[in-house]
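Quick setup: one chain, the form predicted on its own, written in structure tokens, and binding and motion questions come after.
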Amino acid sequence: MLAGIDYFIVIAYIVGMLLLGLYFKKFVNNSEDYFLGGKSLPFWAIGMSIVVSDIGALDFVGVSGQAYRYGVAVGNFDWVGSVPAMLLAAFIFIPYFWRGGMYTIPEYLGRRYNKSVRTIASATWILFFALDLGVLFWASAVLLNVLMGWPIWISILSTAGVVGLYTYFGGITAVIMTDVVQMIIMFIGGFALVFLSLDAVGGWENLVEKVNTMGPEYRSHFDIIQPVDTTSPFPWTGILFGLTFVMANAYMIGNQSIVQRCLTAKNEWHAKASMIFGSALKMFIPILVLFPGLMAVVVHPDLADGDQALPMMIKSILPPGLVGLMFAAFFAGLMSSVDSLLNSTATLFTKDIYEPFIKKDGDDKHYLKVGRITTLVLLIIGVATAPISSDFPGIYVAIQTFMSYFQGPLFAILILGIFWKRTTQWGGLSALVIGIGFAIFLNVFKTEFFTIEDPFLYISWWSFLLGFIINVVVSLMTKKHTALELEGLVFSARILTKSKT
């Protein structure tokens, strides 16, 4: 149980975040303010927001759990995956999307291909984000149950209430500016746990020696590159093809919750700089989220569930005061992830589903109201779907499995749509539908095709490759778009800048 000082720190943090988020309510006067922050935010705030929302509670609990089970190879998701993808996004894709004046990634896909592609892409992201919310709420329950003894549903409902309030009123400006404070708290709390845990195991060399002597199953715990026949979900082939080539790029370039932040930048320079600054901060993330789980192998060697590694380390290593700070850091990650998904999903539904199909000629205030109502509905869905992630062996694997259903095909049509003029609407639609169907097929029958337990990296690669090939083949067989239709939509064409009236 927490000491009195810990309770004070946690409660003060939660109340402070709520008040800070609600403060930005006064800056929301229209739908652009709610969804894009009035295009007025600086690069440093956006970069910090991208990082803290991306790591969040999922990584604190999930990556520590994977490190406990499999070792340092899980760090590839940031060092080999996220950082190169963020730099690619910064120099090519983000300036392009910012200049295009877009609200969502599916909005671009609709302009480039057709309305069906836009709708399927948006509906897929909406479904994923809704399930993602459930995973995040379950992650909070795991920590709160171990650390404070709170019942699962109490912790889920309290988290939903706090984050939902300031996201509902303050929009993406509240999301980004609270994320700035939350990232600072997360770094302070996270590094405090890492240094004290390292001291508890007697330093790095002692940690390596103790883990290596625990048995043959721990011999590869310090191998960043895993062999093809590894029993972990991170073989080097999956990391290279599934992660580096597909999932990381798809996440940083085609993920609405990431890209939407960059679209709030005050100008193109700030949009580009936000990703570059975020990539520099990203280099530190594996140290924060991976090492506590690795050191828990020595401190708590017999845990039945690796996802308990982080909560147990907090409970056994940190003194009063720092426990509260670490809990606040965890809650910061959780809140930043949840508020991001809420606002991004509300944007997707309002702009890609509601406005085109339900009410085309509504006034701006109406769409602002729809965005806020969608936020509330999503909270309910997220809470209701939280138990789903308990059916998976690890929280982190749960979310990666969800993503492997659609990220490969979506990235295939996105990258071909931007770089290849010959891509047609029917090529994109065929690739998206068949690619997602193929990914679902591989997931259902994964034991027939793969030797590892969780082959989400391989599934992402093969569904991307099939989607890419189908797009090319069908496009070559169908009528190509005219130069006028492609203006501002392909990388080699002139990008039209939307002027504000």
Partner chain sequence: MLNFDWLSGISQETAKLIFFSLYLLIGVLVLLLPDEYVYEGIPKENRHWWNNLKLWSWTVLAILAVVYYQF
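Everything numeric here is computed off the predicted structure, so don't read it as measured data. Numbering follows the first chain given and starts at 1.
What comes next is about the form predicted together with the partner chain, which does not appear here.
- Proximity to the partner chain in the predicted complex, defined as a heavy atom within 4.5 Å, singles out one entry of 283, 214, 200, 184, which is 283.
- The partner is absent here; in the predicted complex, the one residue of 353, 80, 298, 322 having a heavy atom within 4.5 Å of the partner chain is 80.
- Heavy atoms within 4.5 Å of the partner chain in the predicted complex are found in exactly one of 310 to 318, 377 to 385, 268 to 276, 358 to 366, that being 268 to 276.
- Taking the partner from elsewhere, every residue among 236, 239 and 449 has a non-hydrogen atom within 4.5 angstroms of the partner chain in the predicted complex.
- Of the heavy atoms in residue 245, some are within 4.5 Å of the partner chain in the predicted complex.
- The shortest heavy atom separation between residue 92 and the partner chain in the predicted complex is within 4.5 Å.
- At the 4.5 Å threshold, heavy atoms of residue 35 stay clear of the partner chain in the predicted complex, well away from it.
- Contact check for residue 99: a heavy atom falls within 4.5 Å of the partner chain in the predicted complex.
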